[in-house]
Structures are given as C-alpha cells and as structure tokens.
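First, one chain by itself: the form predicted on its own, in structure tokens.
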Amino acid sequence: MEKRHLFSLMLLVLLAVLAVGTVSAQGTVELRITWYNDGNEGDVLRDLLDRYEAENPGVKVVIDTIAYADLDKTLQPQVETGNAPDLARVTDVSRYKGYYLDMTPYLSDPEAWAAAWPAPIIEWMQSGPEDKGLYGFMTQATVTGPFINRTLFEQAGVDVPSDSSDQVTWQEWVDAAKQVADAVSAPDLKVYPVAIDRSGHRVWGPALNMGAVFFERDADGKPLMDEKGNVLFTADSPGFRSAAQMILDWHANGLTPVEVWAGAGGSYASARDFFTNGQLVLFMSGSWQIGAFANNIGDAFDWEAIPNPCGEAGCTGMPGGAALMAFKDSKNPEAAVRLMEWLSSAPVHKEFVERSLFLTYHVELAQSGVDYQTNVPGAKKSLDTFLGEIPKLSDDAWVLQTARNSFSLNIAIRERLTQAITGELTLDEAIQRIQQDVDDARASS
C-alpha cells in the first residue's frame, strides 16, 4: 500500500515537472499594444520591439494598429468589460482613470521613473491628490498650431505675414491665404485658403486667444470643480463665439474644404491630405503631423509650422500628447512594466522621438536635447517653431488639456459645431447644446 502510494506520488511529481517544462518551452509571454499612427512612429516602435524581443526571447509583443478616429470606440468597451489590452496608446488620458495598472510595485526604481517626467504629467495620469500611483509615460509631447505651404505664397507673390511680425491675427492670416489661393488655383486644381482639424481640441487654442472663458476660477485661481473633481465648464463666451463664427464663415464663404467637418461621419477628421497634396495654403493642426509631412511631402514643396495666431487674450496653442498606458487587466503585469521601463528609458525614448520627429516631455532629454533624424528643412524648422510655442502655453490651456472631463467638451464642440456648419443648428442652438452635453457628461461621470 505504501509502495503504491509512493509510486503515485512520484508519478504526480514527474507529470508536474513535465508540465512545467512544456509551459517553459511553449509559454512565451505575449503582450498586446493597441496603437494608432500619425506618421512613421508605428514602424519605429516595431523596430524597437524587434530589438526588445531579441534581448528578451521569452516575450513577444503584438501591435494592434487602428485608426485614431476609432481608438476610443474600440478601446473603451474593451476596458469596461475587463478585456483591455496589456498596453494602449491614448490621448484622452483621463477617460480610463481607474482602469490603469499602478506600476509602482513592479518598477525597479519608482522614484527615478517619477523624476524622469514633469510633475503635471504624472498628476495628469492620477485620479486625484491622494493618488500616488505611477501609470504610464508620454510617448510624445504635442503642441497645436498651423502649417503653411510657403511655396504657394512664393508662387502667388504674397508675403508670409510671420516673416515681418511675431504677432499675426487669424484674420490677417486668412486674408493672406485667400490672396494666395485665388492666385494659384487652376481649373484642374482647387486650392483652399485654410482648414482646421475636425476637433474641439483644435478650436480651443484660437478660442482662448480670442478671449474665450471655458471655466471660472476660485479665489486661489484654481478652476471651479464639483465634488467628483470635474471642472465646471461653460460654453458661452464672446471669445468662443468669435472662434466658432470664424469657422462657420470659412465654410459659408468656400474658404475651406467642406469634407473635413461636414463629411466626417461623427468622428475626428483631419485636412492633412489636402495639405499634403498641395491644395491647402494654411492648415491648423499640430506638431504630430511633422513626421507624416516629412515622409509624404519631403521637399516636394516648402512647408513649415508658423507661430499660433494671436488675439486680444494671447497667442497660445494647446499642449497635449499621446501616452502609453498599462492596464490592470493585463495577465502579465510584470512583463508589461518591464517593457514600459525599457521603452521609456532615456536612450530608447530618445531614439523613438528622433526617428519619429516628436517633441518630448522627458526631463533628461529636454535638458540634453535630441538630434532629429531628418534632412527635410520643413521638419527641422517646424520642430524649432513648436518648441518655441511651449513657453507661450496658457494656464487655461493646461487645464483644458488635463481636466478629467475635458474630452466631453472636445466632443461636444466637435459635434455641435458640425451641426451648425451643416445648417442643422444655429450658432446659438449649438452653444446651448454644447453646454447641455458637458453638463450631462459631468452628471453621469
């Protein structure tokens, strides 16, 4: 009886050893990253990940690439049903608070991680003052601002306004761009003076410069919030009306391609293709376009970023960026954090931003500088221009970017302004709907 028991026990041990051996042989850890691309950064990431996999043969990293317009539509239901990827590249950082993985227990040096990034960036990812967790890193810093096709200005014989003044208004830019478009348009090539991405976020900068007030401040200068930490947004102000009316006028007067705002089917849309194809004089977008322009335009024509147009309240753009975040649903949290540490390390992150032509918030790289890998003059000049825009960013711009409920305002402006453009709503009605939308979103958060 004892011999049979001993034999059974040995057999179980042997089977367990064989099972472990099988897992070791076949159980490569697979990490999945949900990702979108603005330019060539997906190719750069894949190259870096191939290197990581070679150095870590037990890890395989799969990139699931989707269109930016589909990012939150795809990611949010996954997150809310417990099926989040291990990591995802997000721009609406506040949307998924509560679902992120606190990397602190897995980080080799949490203090060094936190010190590598500006405090406002770390705080942006946390759920409140009591939250001391560490959740991800910014793959890129961004600043909104316009680009121009300088070649079209030269062909039209029109002076570039920013060559003679560092404070040019939107009206001055549009007037100049219209002169250019009228001079260079041909029967077989329609050139538009101006376009802006279909995004409430892209409207914020011009509106702030025109004096828009999107929230009130308390006696200490902090934005007023409800008990949940949501900013109390307000839609109606003279500055916002001026910016909205400007965009409505662009459409009414045929100055902008109607497809961008009126043909986007209820989502974000960009006028990038019009600019790339030489059909747009001035394009309001942001620094994330530089990599795509360097690849798709190159030196086909002279292009560059220009300083943000000014208004009575300032010359601010909008800060922003994309963050790579780990999710607590990950089946392999330690492996996910090891990868995050490697990608965010100064040498690797430096290579990523240099090759993808992105700005960075990394403290060490901001001090030491980066050597962008491009011979395209427009890319080099644009990077310098956007770096110069960072000190001009207003306090209100940072609040709009980092408030936990700010994307409700972004989406409301995008959707309701579109309805005003297509004639479904008057501007007054659109502003009323924007206010109702943000109030409803705040109440349900």
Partner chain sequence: MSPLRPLSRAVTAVLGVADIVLEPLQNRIGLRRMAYFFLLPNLLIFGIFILFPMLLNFYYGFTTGESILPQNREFVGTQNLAKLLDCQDFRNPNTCNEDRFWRAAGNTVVFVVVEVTLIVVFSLATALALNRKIIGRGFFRSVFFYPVLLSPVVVALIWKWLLQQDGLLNALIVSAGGQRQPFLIDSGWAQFWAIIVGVWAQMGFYTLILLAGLQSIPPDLYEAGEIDGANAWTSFRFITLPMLMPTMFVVLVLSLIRAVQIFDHVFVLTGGGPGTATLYLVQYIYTTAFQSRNYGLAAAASLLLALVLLVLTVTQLRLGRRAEAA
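None of these values were measured; they are calculated from a predicted model. Positions refer to the first chain, counted from 1.
Although not depicted, the form predicted in complex with the partner chain is the subject of the following passage.
- Between the partner chain and the residues 259, 154, 131, 354, the one pair within 4.5 Å by heavy atoms in the predicted bound form involves 259.
- Of the candidates 238, 369, 263, 254, 263 is the one whose heavy atoms come within 4.5 Å of the partner chain in the predicted bound form; the others do not.
- None of 376 to 384, 44 to 52, 414 to 422, 29 to 37 except one has non-hydrogen atoms within 4.5 angstroms of the partner chain in the predicted bound form; the exception is 414 to 422.
- The candidate spot formed by 64, 344 and 350 is out of contact with the partner chain in the predicted bound form: none of the three has a heavy atom within 4.5 Å.
- Although the partner is absent here, residue 364 is not a contact residue: none of its heavy atoms lies within 4.5 angstroms of the partner chain in the predicted bound form.
- Contact between residue 73 and the partner chain in the predicted bound form is found at the 4.5 Å heavy atom cutoff.
- The closest non-hydrogen atom of residue 77 lies within 4.5 Å of the partner chain in the predicted bound form.
- The shortest heavy atom separation between residue 407 and the partner chain in the predicted bound form is within 4.5 Å.
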